[in-house]
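The form predicted on its own is given below as one chain in structure tokens.
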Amino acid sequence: MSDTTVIAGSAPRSFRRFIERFPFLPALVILVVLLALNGLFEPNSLSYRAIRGLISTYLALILLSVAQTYVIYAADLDLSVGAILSLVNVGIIMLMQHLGGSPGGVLLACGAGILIGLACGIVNGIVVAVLRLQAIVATFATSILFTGLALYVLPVAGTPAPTVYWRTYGGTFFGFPFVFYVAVAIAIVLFLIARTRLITQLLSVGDDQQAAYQTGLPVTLIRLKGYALCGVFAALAALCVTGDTASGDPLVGGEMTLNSVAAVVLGGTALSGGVGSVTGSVFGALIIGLISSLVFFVGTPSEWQNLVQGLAILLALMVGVLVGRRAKS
């Protein structure tokens, strides 16, 4: 009788520890199921060309979800990531046009775009962490500010990117698409960042800010760094959007903000902070992309596609949350 009790009790504990160590596992299962369903309704969706298109199209959302993850680690939120993306997008487009579209000018504009994202992140960090305004309200306000700046820089969408930029982004080198090299480089960067003290500190702040402060951690500086890192990755997402669309649009990131939050939650990161993983956010972004594809492949009428896609994302969120709750109970 006692042996049976031990075995019955150990299974939930082992499951809980497993989920705590790998919070992205529910998202991985959902991702695999969606890949199978996409392949069932459209076999060509699993082809090399289709996978390349999926990565190229959703790489920006993946990066934006990663950006959002770093601030959510510390129990913060950034509703301005889409606006930062838009501002960097139009900023580098205008810089490239001004510099003549040469390879050197393109690289200089990309560097300037990253600095713009960093500056926006620092502004958010100052407003939220230093001035101690509520993150959801403060970043909503800065999103309006950044969108206004983007509209000032480029009032009307459509200014094209230099040919060398979009041809490089959509090109193939040594038999592999350029976006694959970008994805590998990003994976390496994320792997290195995950092993820095900053990530541990962000998670500590998100788990218990007061306890982190009492142990001597510079909580304000840590949160500020989280927002700065978020701004940099939002800028990198803008570089991908610019390569994918080959044009500037001051409102291109508007719909991506809430998608980035949904991707983070789908990936198992808690909005309350202290728990989560960047890997899960990547899976979450891909889940959103695959749901969009599946809705199209099953032949959903155009007027119903947004409704069905929203319901599917909601269902995926519910599954992930329920699994997480079971692991904690």
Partner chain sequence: MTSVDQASRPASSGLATLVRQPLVVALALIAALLFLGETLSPGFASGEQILRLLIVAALMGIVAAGQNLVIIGGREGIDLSVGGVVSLSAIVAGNVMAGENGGILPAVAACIATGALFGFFNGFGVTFLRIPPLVMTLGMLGVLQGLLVVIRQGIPSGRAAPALSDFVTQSFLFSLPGIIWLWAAIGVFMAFLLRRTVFGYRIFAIGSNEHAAYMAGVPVKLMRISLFVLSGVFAAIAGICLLGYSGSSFANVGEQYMLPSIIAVVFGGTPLSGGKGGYTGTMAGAVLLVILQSILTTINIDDSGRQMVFGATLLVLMLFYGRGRSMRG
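Numbering follows the first chain given and starts at 1. Everything numeric in this text was worked out from a predicted model, so none of it was measured.
One more form of this protein, predicted in complex with its partner chain, exists but is not displayed; see below.
- Comment: 205-213 is the region of 165-173, 227-235, 205-213, 114-122 lying near its partner chain in the model of the complex, near meaning a non-hydrogen atom within 4.5 Å.
- Contact between F178 and its partner chain in the model of the complex is not found at the 4.5 Å heavy atom cutoff.
- Though the partner is left out of this view, Q134 does reach within 4.5 Å of its partner chain in the model of the complex, counting heavy atoms only.
- At a distance threshold of 4.5 angstroms between non-hydrogen atoms, L258 is in contact with its partner chain in the model of the complex.
- Mapping the unseen interface onto this chain, A161 falls outside it, with no heavy atom inside 4.5 Å of its partner chain in the model of the complex.
- Comment: its partner chain is not present in this chain, but in the model of the complex one of V182, L95, V252, L77 has a heavy atom within 4.5 Å of it, namely L77.
- Note on contacts: among L28, L46, L40, L271, the single residue with a heavy atom within 4.5 Å of its partner chain in the model of the complex is L271.
- The three marked residues, L63, V156 and A187, fail to reach its partner chain in the model of the complex, with no heavy atom of any inside 4.5 Å.
- In the model of the complex, T142, I144, L145, T147, G148, L149, L151, Y152 are the residues of 142-162 with at least one heavy atom within 4.5 Å of its partner chain, listed from first to last.
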